[in-house]
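The chain that follows stands alone, in the form predicted on its own, written as structure tokens.
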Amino acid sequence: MTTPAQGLHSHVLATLGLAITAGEYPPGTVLRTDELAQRFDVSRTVVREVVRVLESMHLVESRRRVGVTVLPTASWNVYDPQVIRWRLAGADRPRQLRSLTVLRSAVEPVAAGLAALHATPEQCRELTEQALGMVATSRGRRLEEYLVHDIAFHRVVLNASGNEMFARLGDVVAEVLTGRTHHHVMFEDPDPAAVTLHVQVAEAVRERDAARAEELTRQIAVGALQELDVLAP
């Protein structure tokens, strides 16, 4: 259960995070703790806790007798799921989506090829189950249900690759897929060809066909980029 203090913390964090990532506070802007406490009608303790979280994301830097300074974009932890969420909520959404989708296109095909070599029988079963779940929810404007299976599918691929660096990108991919859905950068029903490709990837992984798994996943990535050309030019 969320306490009032936690609620205030979350509100201040979300408001400042969104504002910083949207460019409302350009790099070099100095934020004063006292002013923030007064603006949000919260204690300095709450503000300091929020600042610590923002510092952990490298959005700001706190210095004595200077204040809290907004850092340039190059310093941000752009892989942090919360930072991704905030950036996808802003005006820079199309560029951010394209950047993240290009990242996925570089990583996920390789991960799928590795998954075909390293996936356990349990992971193969789960991949098939999630692909069939995508098929079952791909009609009738059931995007939220489809999203659950889509995220789970890609997490399995990344985890089954056996590469811990790829596996850590599961949250990044989840935020991309969630952002596309919640910000309506999806067709009312998913592309049937893309859904079929997910089923075929699961088959290729189960059959230990690394080359086919990699190529099919690359086709999924290409299709995602083509969708962005239409929905978020």
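Start at 1 with the first residue shown and count on from there. None of the values given here were measured: they were computed from a predicted structure.
Omitted here: the form predicted together with a further copy of the same chain. The next part is about that form.
Stretch from 202 to 210, 189 to 197, 167 to 175, 28 to 36 whose residues place a heavy atom within 4.5 Å of a further copy of the same chain in the model of the complex: Result of the contact check: 167 to 175.
Partner proximity in the model of the complex: Arg87 to a further copy of the same chain, non-hydrogen atom cutoff 4.5 Å: Within the cut-off, so yes.
Proximity of Leu71 to a further copy of the same chain in the model of the complex, heavy atoms at 4.5 Å: Output for Leu71 is no: heavy atoms all beyond 4.5 Å of a further copy of the same chain.
4.5 Å heavy atom contact, Asp80 to a further copy of the same chain in the model of the complex: Result yes; Asp80 sits at the interface with a further copy of the same chain in the model of the complex.
Distance check, Val102 to a further copy of the same chain in the model of the complex, heavy atom within 4.5 Å: Output for Val102 is yes: heavy atoms within 4.5 Å of a further copy of the same chain.
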